[in-house]
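The data below hold one chain only, encoded as structure tokens and taken in the form predicted alone.
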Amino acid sequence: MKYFRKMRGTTKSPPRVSLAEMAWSWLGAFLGILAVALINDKFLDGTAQVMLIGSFGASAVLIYGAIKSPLAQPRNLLGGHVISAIIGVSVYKLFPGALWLAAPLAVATAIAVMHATRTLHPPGGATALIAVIGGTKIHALGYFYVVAPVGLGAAIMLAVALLVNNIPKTRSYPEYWV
């Protein structure tokens, strides 16, 4: 019974954020994803290259909407994505015909290595998974996937986060770099 009681939670829901906080989060997320999407659309359309990956949406939630979270800091954003991309590509190359094994192995290993390197960034799990299930366009990139879209895209979103999150006097980003 004690086991199931733990599932009730231990604290109350967090308070609602202000309208201004919502607006700054919205603006940052819009501009960050816009920057990456425009590069994808204007420079890479019709090529085998891709710049916009799903895990960036989750990163936007953290670096624009939860800027004080340890999971949203630059070390975690960049390190988590890059480490997870390397792991995802490596696992796919080792087990290209075994999606059932490669997918969980990539995500679980990415989590463990992010923990070990103090770069835990939840969207990194998706970055590793995308390397495995991303299809021919992603697979064709090989280890270049680590550089672009992952590294470059995360760096662009970080630049936008630094600019937007420091405009209002009530916000300051980052909490730390390393």
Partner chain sequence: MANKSPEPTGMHSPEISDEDIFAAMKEIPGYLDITPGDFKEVYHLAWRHARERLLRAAKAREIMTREVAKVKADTPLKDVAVLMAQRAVSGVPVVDDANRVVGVISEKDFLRSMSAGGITSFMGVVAQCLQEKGCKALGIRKGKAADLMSTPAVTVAEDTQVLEIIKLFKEKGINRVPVLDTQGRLSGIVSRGDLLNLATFRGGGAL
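Just so it is clear, the model here is predicted, and its values are computed rather than measured. Positions refer to the first chain, counted from 1.
Absent from the display: the form predicted in complex with the partner chain. The rest refers to it.
| said: Although the partner isn't part of this model, could you tell me whether S69 comes within 4.5 Å of the partner chain in the predicted bound form, counting any heavy atom of the residue? | reply: Yes - in the predicted bound form, heavy atoms of S69 and the partner chain come within 4.5 Å of each other.
| Wondering, does G65 line up within 4.5 Å of the partner chain in the predicted bound form on heavy atoms? | Judged by the heavy-atom cut-off of 4.5 Å, G65 is in contact with the partner chain in the predicted bound form.
| said: Can you tell me if V17 lies within 4.5 angstroms of the partner chain in the predicted bound form, counting non-hydrogen atoms only? | reply: Yes - in the predicted bound form, heavy atoms of V17 and the partner chain come within 4.5 Å of each other.
| From first to last in sequence, which residues of 159-173 have any non-hydrogen atom within 4.5 angstroms of the partner chain in the predicted bound form? | Heavy-atom contacts within 4.5 Å come from T170 alone.
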